[in-house]
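Below you'll find only one chain, the form predicted alone, shown as structure tokens.
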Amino acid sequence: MLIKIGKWLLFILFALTITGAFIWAPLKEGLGEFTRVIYFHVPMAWMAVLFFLLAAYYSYRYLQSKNLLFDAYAQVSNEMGILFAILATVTGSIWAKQIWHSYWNWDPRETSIFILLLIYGAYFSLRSALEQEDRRARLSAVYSLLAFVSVPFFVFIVPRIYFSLHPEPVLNAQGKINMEARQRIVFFSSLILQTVLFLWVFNIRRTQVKLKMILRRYEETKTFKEN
């Protein structure tokens, strides 16, 4: 009962946040209607970092325990991480087209996320190239941990070392995003609610993977006994 209430509450709050983003929150001078992209672009970038972090955590757990379930969780985490990295890139490109008159400008942030996409794309290439399960899990875990080391560097450090056309200096000359009260409410509501929603989706995927592995082990045991 509580879970059902929580789902409806999440749905209602999400609907109110989206409505607020398009109707209630004021537009930023100079950005016009494209101010609304920020309410979705930033949470997507945040979710990418969060899922890459989860992938690194589960990779560490696999190396520690050799439990293939943790390898499966790491794979799901990286799948969701690269999905949100792509969505952050697409929404950022939409914003860039309006403000900079070009979908891609090789801005430090754009370049950084492009490199991250290549790094994590290679993770899936590595997995597809290895057939032996234990070896694939071990090498993937090591690669995932090493890949995450680059995430803080490309997401938080590089864009602040070099001049960027990113919204931070565009919205405020001091490099800070100054928002009005209604903008701030919608922004943080969107950030929190998207985090809750997609962690819930991740938990569903994790349960699905766990059940699939249990079923596979059951079938393998059954086949072994029959033989």
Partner chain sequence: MKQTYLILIKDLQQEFKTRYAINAILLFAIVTLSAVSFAIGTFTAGEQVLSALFWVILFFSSMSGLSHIFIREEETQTADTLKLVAKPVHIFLGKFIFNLLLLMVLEVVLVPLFIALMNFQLQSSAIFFLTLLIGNFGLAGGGTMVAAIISKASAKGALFTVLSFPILLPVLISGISATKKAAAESALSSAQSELQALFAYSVIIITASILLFDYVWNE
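Residue numbers count along the first chain shown, from 1. Note that the structure is predicted; figures quoted are calculated from it, not measured.
Heads up, the form predicted together with its partner chain isn't pictured, but that's what we're talking about next.
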Check: Want to guess which of 84-92, 70-78, 141-149, 97-105 is within 4.5 Å of its partner chain in the predicted bound form, heavy atoms only?
Finding: 141-149
Check: Given that the partner is absent here, does T195 sit within 4.5 Å of its partner chain in the predicted bound form, heavy atoms only?
Finding: no
Check: Does at least one non-hydrogen atom of L63 fall within 4.5 angstroms of its partner chain in the predicted bound form?
Finding: yes
Notebook entry, point to check: Does at least one non-hydrogen atom of I119 fall within 4.5 angstroms of its partner chain in the predicted bound form?
Noted result: yes
Next item on the list: Select from 71-102 the residues with a non-hydrogen atom within 4.5 Å of its partner chain in the predicted bound form and write them out in sequence order.
Entry: none
